[in-house]
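Presented below, as structure tokens, is a lone chain in the form predicted on its own.
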Amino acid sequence: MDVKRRDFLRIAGLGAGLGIGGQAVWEVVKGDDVLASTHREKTEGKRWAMVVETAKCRAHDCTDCITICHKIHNVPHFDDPKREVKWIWRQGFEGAFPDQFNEFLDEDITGGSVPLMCNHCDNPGCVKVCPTGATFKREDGIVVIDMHRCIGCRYCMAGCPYGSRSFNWQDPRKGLDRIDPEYPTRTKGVVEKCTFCSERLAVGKLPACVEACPYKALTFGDLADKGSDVRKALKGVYAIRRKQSLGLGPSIFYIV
């Protein structure tokens, strides 16, 4: 996206006017080296992807993936839904797949809810609209946010049709009972979201949500590798992706 200097200054001025500019936007309090080492780093995978077996999620309605993700990434909890910050959440089939839903679908498909998160699109709309380059796609397909460069304009949130990004309207540390020192806390005025646990991939681990799922409903791997777990999971089944008609190429597949 070509942003003229005048437009950039206008956006930056807007952020300052909202009280989200200055040092607070750029500050990352703990674990600064985590973001520096993992956000720019390329892992062995050429295109990381996830497969969700919706039948298992419907049968158990488990939230272990949400709990562990939010715990290790210091995702705050606020009772006010307008101030909600989420990396993973659950939603019913109709809300998650509005373009796939119809009244004749079997309840075995539409019942219950499924986990949702950033889709780490192959052609991410959020990246195209970010004026500072704070959000970008790595060579291995993971879409991340450099919170030092985020000015809080929320253009990326407007550019994401999945509702996968959250804005910190207040100090997120006020919504934490405990802080995990292994991952940096954020500040008021920045956007955040799922990162496919890039900090764990950098040391050869799976995303925390995948490891935590007691029913093995989540599978993670390199979509470009025909022998990977995700390619094996997708073989011979019917899988859908969220809002495929938009042409963004989501990297999360749901087996229905």
Partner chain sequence: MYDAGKVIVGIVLFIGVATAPLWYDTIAGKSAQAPKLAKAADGPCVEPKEWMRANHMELLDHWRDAVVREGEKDYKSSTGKTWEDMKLTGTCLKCHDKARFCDKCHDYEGVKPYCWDCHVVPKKEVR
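Positions refer to the first chain, counted from 1. Predicted, not measured: the structure shown is a model, and the values here were computed from it.
Unshown form predicted in complex with its partner chain; subsequent notes refer to it.
- None of Pro184, Gly141, Pro76, Pro115 but one reaches within 4.5 angstroms of its partner chain in the model of the complex through a heavy atom, and that residue is Pro184.
- This chain is displayed without its partner chain, yet in the model of the complex the stretch 186 to 194 from 212 to 220, 186 to 194, 48 to 56, 61 to 69 comes within 4.5 Å of it by heavy atoms.
- In the model of the complex, no residue of the candidate spot (Ala208, Asp225 and Arg231) has a heavy atom lying within 4.5 Å of its partner chain.
- For Cys121, no non-hydrogen atom is located within 4.5 Å of its partner chain in the model of the complex, even though that partner is not displayed.
- The shortest heavy atom separation between Ile109 and its partner chain in the model of the complex exceeds 4.5 Å.
- The closest non-hydrogen atom of Ile179 lies within 4.5 Å of its partner chain in the model of the complex.
- Applying a 4.5 Å heavy atom cutoff to its partner chain in the model of the complex picks out Gly133, Ala134, Phe136, Asp146, His148, Arg149 from 123 to 158, in order along the sequence.
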